[in-house]
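Here's a solo chain for you in structure tokens, the form predicted on its own.
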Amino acid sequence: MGRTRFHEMNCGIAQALEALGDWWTLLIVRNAFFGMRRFADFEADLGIAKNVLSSRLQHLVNHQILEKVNVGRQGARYEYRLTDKGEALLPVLTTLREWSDEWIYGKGNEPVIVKDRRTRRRVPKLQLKDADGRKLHRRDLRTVAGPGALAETHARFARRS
């Protein structure tokens, strides 16, 4: 049974999931943030089959999250590097890690701590804030149909009001 596709769904989260693919993809992106670039390094670290890794890397290149760069001096040798689009996933990965630290591992059991390279202090938890810098909670938010919304999306939000 194949995985469900979201490419026709008019939803930003669904489209992000379509671009990112599956859990292997996020782990590859995580490793790219850690500085990993070579196929063999991804393969060894993740314990992933070559064909699966090759497919996921190509998916990330096709979605312009990674770029495949020939770094060979005498023949072809490729590395995979984050693009600007890939770098923009840092808050997504950070939020997933923070959620897991709180709800799965618990305070004091975090597998990875992220610190500011300059100050060596732990980076504060990401938070949604309003234009004045105040922390926002779910009850403070209101979702409305955006300029790219389809008629079904407008109808769903109209029923809620």
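Not measured: the values here are computed from a predicted model. Residue numbers run from 1 along the displayed sequence.
One more form of this protein exists, namely the form predicted in complex with another copy of the chain; it is left out here, but the text below deals with it.
A.B. asks: Run the contact test on I113, P124 and K129 with a 4.5 Å heavy atom cut-off to another copy of the chain in the predicted complex and return yes or no.
C.D. replies: Yes.
A.B. asks: Find out whether any non-hydrogen atom of A32 is located within 4.5 angstroms of another copy of the chain in the predicted complex, and reply yes or no.
C.D. replies: Within the cut-off, so yes.
A.B. asks: Report yes if any heavy atom of T94 sits within 4.5 Å of a heavy atom of another copy of the chain in the predicted complex; otherwise report no.
C.D. replies: Within the cut-off, so yes.
A.B. asks: Applying a 4.5 Å heavy atom distance criterion, does A151 contact another copy of the chain in the predicted complex?
C.D. replies: Flag for A151 set to no.
A.B. asks: Taking heavy atoms and a 4.5 Å cut-off, does A88 contact another copy of the chain in the predicted complex?
C.D. replies: It does: once another copy of the chain is placed as it appears in the predicted complex, A88 has a heavy atom within 4.5 Å of it.
A.B. asks: Using a 4.5 Å cut-off on heavy atoms, what residues in 16-31 are near another copy of the chain in the predicted complex?
C.D. replies: A16, L17, A19, L20, G21, D22, W23, W24, L26, L27, R30 sit within 4.5 Å of the partner.
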